[in-house]
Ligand SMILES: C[S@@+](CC[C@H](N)C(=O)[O-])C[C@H]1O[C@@H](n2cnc3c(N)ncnc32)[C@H](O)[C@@H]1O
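Single chain ahead, written as structure tokens, the form predicted on its own.
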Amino acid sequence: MKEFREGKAIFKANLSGKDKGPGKAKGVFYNPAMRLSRDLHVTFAKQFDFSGIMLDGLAASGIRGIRLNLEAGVNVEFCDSSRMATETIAGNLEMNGIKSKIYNERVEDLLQNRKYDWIDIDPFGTPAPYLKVALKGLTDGGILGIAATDTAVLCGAKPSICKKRYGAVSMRRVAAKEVGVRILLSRIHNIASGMDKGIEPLLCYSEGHHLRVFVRLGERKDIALKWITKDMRIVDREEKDAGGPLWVRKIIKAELIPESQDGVLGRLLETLREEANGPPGLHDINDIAKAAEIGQTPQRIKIVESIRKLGSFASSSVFSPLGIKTDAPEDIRNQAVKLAQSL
């Protein structure tokens, strides 16, 4: 076990992975590739006047909860079924001058008897087995943070497993990750509805090898899940090659995206803010160029600027480096990509 520094925290853990990818589950798991996710979580938490208690539900080394406490002032409790992990968390809390409760049990068992105002579940693999118990463990108005690294399932590579695990048809290509997020939201929505509750997505995104959603639990609302076609049309019923059923309402609240950040995190936040009010789905810039019968595809930002000049919504997207989020019809997209050639 080695000593690491991340944000304002100093802690001990077993290194798993390097700069990218999911790493391997071993010992007291710490994957540095998830640092940007934790950076964003801390920044996001600062946007709330949060006075309740958060549970770091699969805490491992406790680094997420420790950083949220040190950098955002969040009151965090920790849970892990591994005794080695909880003993390590205790040492890490002491190293950082934090006093908190640590539970050495399965999060499923803990949440049978306790409720929290914010629960975060960041499993190694699919979050599907934890969704119901996590929602039941939330107070009214509570926030649920869920990470998913089973992207092959959610993003089109294993459609039969996605159907079995999440009850939906996934989609390949440029919109795959956004559709995966919306499928995850649809599963959370369905479980919440069964509890006579509703959800409000606050911040949903993809980064690196994982998908992540933050939702608020509230009153039940009659929200219909729909389907999205290959050409990004929203339809009420299943069609050939369409993805769904999925959440088609907004998945990012622009007012919760902070400004004044530098570096990679700043660029991520800027893109999230730009695409927050766009329609579901993404259009591939190479497909736009091909449809317009031009040669080399212009830079994405130039196509975005051109669509905006022509009066339609357009933005880049965190879900794909080749994706554009726009409500422009095909003729406007074709016109825009030709205009982008001259910029």
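Note that this is a predicted model, so its numbers are computed, not measured. Residue numbers run from 1 along the displayed sequence.
Form predicted in complex with this ligand: not shown, discussed below.
Within 4.5 Å of some heavy atom of this ligand in the predicted complex lies at least one heavy atom of D56. Residue contact with this ligand in the predicted complex: E239 places no heavy atom within 4.5 Å of it. Proximity of K163 to this ligand in the predicted complex: non-hydrogen atoms within 4.5 Å are absent; the residue sits far from the partner. For the chain shown alone, E87 is not a contact residue for this ligand in the predicted complex, no non-hydrogen atom being within 4.5 angstroms. In summary, the region of this chain contacting this ligand in the predicted complex, judged by heavy atoms within 4.5 Å and restricted to 154-162, 201-209, 135-143, 98-106, corresponds to 98-106. Shown without its partner, this chain lists N190, T126, S81, N75 as candidates; in the predicted complex, only S81 has a non-hydrogen atom within 4.5 angstroms of this ligand. In the predicted complex, the residues of 28-65 lying within 4.5 Å of this ligand by at least one heavy atom are, in order, F29, R38, D56, G57, L58, A59, A60, I63, R64.
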